[in-house]
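Taking the form predicted alone, here's one chain by itself in structure tokens.
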Amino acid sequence: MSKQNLKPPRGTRDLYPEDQRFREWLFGHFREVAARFAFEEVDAPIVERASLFMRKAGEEIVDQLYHFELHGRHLALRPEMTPSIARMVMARAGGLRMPLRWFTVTQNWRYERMTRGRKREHYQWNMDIYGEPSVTAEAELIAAVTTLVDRVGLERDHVKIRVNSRSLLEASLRAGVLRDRPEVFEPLCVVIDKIEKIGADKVTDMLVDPAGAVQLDAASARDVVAMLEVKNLEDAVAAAPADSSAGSDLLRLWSLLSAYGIEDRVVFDASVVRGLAYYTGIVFEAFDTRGALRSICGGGRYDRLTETLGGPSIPAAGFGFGDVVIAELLADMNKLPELQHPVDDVVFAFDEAQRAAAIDVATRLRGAGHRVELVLGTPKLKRVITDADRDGVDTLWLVGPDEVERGVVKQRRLATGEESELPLDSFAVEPRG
């Protein structure tokens, strides 16, 4: 096998023990925050029917699918969880108690251009609320995001959340430049979602491209881009048509976020639209305030997703929070946790004649919930102690020929160096776990 073949496919990762420890630490925070907000965990197949994700041509996610045909079925690795959750809700819509709160921590796949914080395989924490039409759902979700940011050790000014309303933007555009072409609003959102990545000039070019999906005239395209530069919530609400409820929804959201005590962590940004066609209302993205990384998470309201999949319309809101960008941000801020190999006890037999006695000690400790490393082979005691210290081990159990002959095991507390001898056949074990 060549050296190249020892590498994982581009855009994927091998998780060595230290990587896996970090991942489990992060996932533990995902699950703890979800539990504190009374969400229940669910999951779905990693392979779905490809049609579940092929909703709208022009969405990048459609072109990024890992998909294949097998036995006459067109299948795809899931690029995101939202459609799978919608499918599950539809399957039991009549028997579910609404509003429901579900969360997932899943592996997803997108064949996309890789940059810092963007891989083709990633894990994502999703939280979804179904059956609640008011902005109380969005407020709860945004509060969960800020809770996670706090739990992992980031400061309040490290991460903020941009908020906008697609329905506010839609109402404004359909009263103006899209008055005669309302059907191009969704492809227009796909284009303007790229503004942070490619800049206003290139977005304008795409909006006027005669071969594109939007095909605005140059003046209308400039008007659209100018709308995206609005950073003041009151100005955006005032500019919307009087019959639009989107502005009052945004103002209500801000009052709720004030009640949570997090309004200082949220900013209005008219350029946030999210690039997926199913979003219908408020949308939001968490971002690194230094501007060094891509969005940390994103979400919003998608009241018509179940309808587009052939079911009844069910109000819904949710977000996806990836594992890659938050890891980059923690590293940049020197906030990565120091995670040791989780071992409570090490049991060491000086030679093979004491192996059976050492196994008995390890078995009794494990039965009491201890995480125990039974040293294999017979390395030198100095190396055993060094390795145990490195792993933060509490107790070293020494089983030598003299100890076995006298029917005892030597217990050494590594933090203090204190030693004691306990009877091999009857020592007390403190339960753990």
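Numbering starts at 1 and runs along the sequence shown. Given the structure is predicted, the values throughout are model-derived calculations rather than measurements.
There is another form of the same protein, the form predicted in complex with a further copy of the same chain; it is not shown, and what comes next is about it.
Peer 1: State yes or no: in the predicted complex, is some non-hydrogen atom of residue 9 no more than 4.5 angstroms from a non-hydrogen atom of a further copy of the same chain?
Peer 2: Yes.
Peer 1: Do residue 92 and a further copy of the same chain share at least one heavy atom pair within 4.5 Å in the predicted complex?
Peer 2: Answer yes; at least one heavy atom of residue 92 falls within 4.5 Å of a further copy of the same chain in the predicted complex.
Peer 1: Is residue 14 near a further copy of the same chain? Define near as a heavy atom within 4.5 Å, in the predicted complex.
Peer 2: Flag for residue 14 set to yes.
Peer 1: Is residue 381 a contact residue for a further copy of the same chain in the predicted complex, using a 4.5 Å heavy atom cut-off?
Peer 2: Residue 381: no, not in contact with a further copy of the same chain in the predicted complex.
Peer 1: So which of 60, 402, 394, 40 reaches within 4.5 angstroms of a further copy of the same chain in the predicted complex, heavy atom to heavy atom?
Peer 2: The residue from 60, 402, 394, 40 that makes the contact is 40.
Peer 1: Which of 267, 208, 240, 309 has a heavy atom within 4.5 Å of a further copy of the same chain in the predicted complex?
Peer 2: That would be 309.
Peer 1: Pick from 199 to 207, 329 to 337, 286 to 294, 127 to 135: which stretch has a heavy atom within 4.5 Å of a further copy of the same chain in the predicted complex?
Peer 2: Within 4.5 Å of the partner lies stretch 127 to 135.
Peer 1: Judged by heavy atoms and a 4.5 Å cut-off, are 159, 163 and 412 together in contact with a further copy of the same chain in the predicted complex?
Peer 2: No: none of 159, 163 and 412 comes within 4.5 Å of a further copy of the same chain in the predicted complex.
Peer 1: Go through 40 to 54 residue by residue and record those having a heavy atom within 4.5 Å of a further copy of the same chain in the predicted complex; state none if no residue qualifies.
Peer 2: Sequence-ordered list: 40, 41, 42, 43, 44, 45, 46, 47, 48, 49, 52.
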